Each structure stands twice: as C-alpha cells, then as structure tokens.
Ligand SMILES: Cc1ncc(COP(=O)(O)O)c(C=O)c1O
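Just the one chain here, laid out as structure tokens, in the form predicted on its own.
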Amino acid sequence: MSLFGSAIRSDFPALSDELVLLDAPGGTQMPAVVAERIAQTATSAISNRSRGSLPGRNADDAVLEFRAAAADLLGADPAGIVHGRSATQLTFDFSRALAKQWAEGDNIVLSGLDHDCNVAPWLLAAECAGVEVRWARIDPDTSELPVGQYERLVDARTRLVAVGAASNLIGTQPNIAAISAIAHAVGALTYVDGVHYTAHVPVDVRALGADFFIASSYKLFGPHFGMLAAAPELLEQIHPDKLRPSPESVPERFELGTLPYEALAGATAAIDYVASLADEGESRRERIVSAMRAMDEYELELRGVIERGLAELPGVTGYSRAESRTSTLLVTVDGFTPIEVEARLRDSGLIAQAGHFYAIEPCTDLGLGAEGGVRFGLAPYNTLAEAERLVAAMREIVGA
C-alpha cells in the first residue's frame, strides 16, 4: 500500500497539509503531469482533424490516443469510445436516439439507486415515446439493489434497463453482470452509469454485460468531460440528430462539433498516470487493472478506519451498508442538519459536502429527503492521518 497516500501526494499541486479533501466523488484533484499535457496540447500547432498537415495530425492524434486510452481503462473497443461534454449530456443524447426505436406497449426499467443523470433523461424519453417506466428499488435496511426484482420487472417488451454500477451517494455496487443477463435474455439493452464505479475499481464493460457504459474523466484525475463505451456494431444501429455535413462514421456521428483536443490529451495523461501507479503488468490495460485493484484495496482500508471510528460515536447514522461498495460514506448526525455538519468540518479544515448529490431517488428511499446527508469520499492520495483526523473532528461535533 506504499504506492498510495503520502507516496503520491507530491504529484498533486492542489494538496496541502492545511486542508483534508474528502469529496473525491465530486471530482478528484489533478496531477501536475495531466495539467502539463493539457497545456502542451493547447499551445501546440492544432486545427481540425486531418492527416495532411502537422496541426491536423496533432488534433487527430489527440483523439485517437484518447480513444485508445479510454478503451484500456474500460476494457472496451477504441472504435466504440464516444466523447461527450458530460455523462449527463451523453445520456440525454442517447436517450433521445434510442427512444426513436421504442413503441407504445414497450417499457424501460430504471433504478432507485441512481444519480439523476441515469434517470431524468430516460423519464423524458419514455414520456415522449409513450412507453411504461418500471422501477427497481433499493432495500433501505441494507442499501442494496436486489437483483431478484429484475426477474419480474423485465419482460419481452422491455427495451432498456438503466442502472448504476456504483452509487455516488452511498457507494453500493449492485450485481451489474446479473442484471445485464436478465435484460439480455429478453433482448433488452443495458445502459450502465459507471461514473462513480470507474474511479474505484477495474472496469471491464464486456464482463459487466453493459451495452452502454458511461464514465467521467474528472472523477479519476482528468479534465471535466464524459465518455461512453459501446460496441461499434451497436453504435452503427443508432442514428442521432446531428448536423448534415458532420461525419456519419462511428463514433464520430455521436460527437457534436469540434472536440476539445487539449482535454482529450489530459484524459489520456490521467489514464497513463493511473497505469504508472501499478507494480505489475506489461500492457497499459494490465497496469491499469493492477493499479485500480491496489487503489481499491487501499481506499477500503481507510474507509474501514473511518467506519470503525464513526460507529463509536452517538447520534451518527451511516447509510452506506451494502456488502459490496466503494470507499464512499453517507452519514447524518442527530441534532445537526447536514449543512451544519459540513460547516463544522470545514472550520476544522476538512472539506466534505452535504446534500443529495443528484441522487434524489435513493435519498427518498432512505428517508433523507432533499437535505440528504454528509458524504465522505476517499481518493488514493488520502492518508491514514487524514482518516483519523476526520474521526476526531466528528467526535468533537457530537461531543463524545
């Protein structure tokens, strides 16, 4: 575990001893090498993509290198990697395109575990297409998303199952492979929100059975944009709205306007940085998998320190209870609103956030309402000392 924590903090200019940054689910800090790659690309000769000139080749190389790196990160085909301004934008675009294939009498299945990014676009698309919306709900006692309910929700008229691979609110990791198998048995597609998941564990979209998988670069050391992975042959069957002269080829037909080449280069650098943290593996994909496994193990160790400390404090309720989950914790404190807890922590130099984090369905099912809770989310640059400092600050808040 010496690969993480203090060993890498010098790579991140934003980190300091004064502030403890505990909201990685809201976005990680950026290593210097990523910012340097962005600046290098932004200040190089660049133009629209082509192979006929140096500026055109620089732009084209940035795109192709990004697709290759993202494919290595997600276990996907580079020809099926789509750039988007955000995961939300990508989901809205694909919801509209896929809904063109739906008909009255069809249904889609949504998840009560999910960020609204993987809910609202489908609700709007279903309303426009006149199809039924069915819901898979979490168990509020365990914070799990039981797979068995999909057996009764999915039928021959199900066209799509949208589900998150990990909850940005409580960290729950449902059995996506099992849910995908149920969907595929009736010919339905699966649209998997992997934004939170990708920041914590190795991703293999094929093993998950995800027909569409979305992620966000800024959740894992990169710049702010989203990406989608799908099989190129599946993308060939989908026809989005686009400008008439824009490419009809896949994946370009899904990318609106000129791409942000400097941001794409930054995402490639972020993925290369992840690979550099591995202690084994020959290919970049192998190094990424190795690094993500070690990263997850490290973060879960820190999570355990925090959970054990909080369990001793009166009036602190934790909602991250699933057996399989990320290093993300959601809590409330008796006698304090979540915003008040956030402010008291901030006064102690600890940066966490309070709210529902756009996960309004699970907040409702957990009885938290619009206030939500206080979220603690770990990254590999967090340290044992920071985990212990959080527990001490929470102890002071509750007066224990």
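In case it trips you up, residue 1 is the first one in the sequence shown, and so on. Because the structure is predicted, anything quoted here is derived from the model rather than measured.
Keep in mind that the form predicted together with this ligand is missing from the display, and what follows is about it.
Which of 218-226, 292-300, 103-111, 176-184 lines the interface with this ligand in the predicted bound form (heavy atom within 4.5 Å)
It is 218-226 that comes within 4.5 Å of the partner.
Here the chain is shown alone; which of Ala162, Ala265, Leu74, Cys117 has a heavy atom within 4.5 Å of this ligand in the predicted bound form?
Contact with this ligand in the predicted bound form is made by Cys117 alone.
Select from the listed residues Ala278, Leu235, Ala87, Val316 the one whose heavy atoms reach within 4.5 Å of this ligand in the predicted bound form.
Checking each option against this ligand in the predicted bound form, the one that comes within 4.5 Å is Ala87.
Classify Pro25 as contacting or not contacting this ligand in the predicted bound form by the rule of any non-hydrogen atom within 4.5 angstroms, answering yes or no.
Pro25 belongs to the contact set for this ligand.
Can His83 be called a contact residue for this ligand in the predicted bound form at 4.5 Å between heavy atoms?
Contact check for His83: no, nothing within 4.5 Å of this ligand in the predicted bound form.
Give a yes or no for His200: in the predicted bound form, does one of its heavy atoms lie within 4.5 Å of a heavy atom belonging to this ligand?
Output for His200 is no: heavy atoms all beyond 4.5 Å of this ligand.
Can you work out whether Val195 and this ligand are in contact in the predicted bound form, taking contact to mean some heavy atom pair no more than 4.5 Å apart?
Heavy-atom contact with this ligand at 4.5 Å: present for Val195.
Scan 124-147 and note down the residues that get a heavy atom within 4.5 Å of this ligand in the predicted bound form; none is a fine answer too.
Counting only heavy atoms within 4.5 Å of this ligand in the predicted bound form, no residue of 124-147 makes contact.
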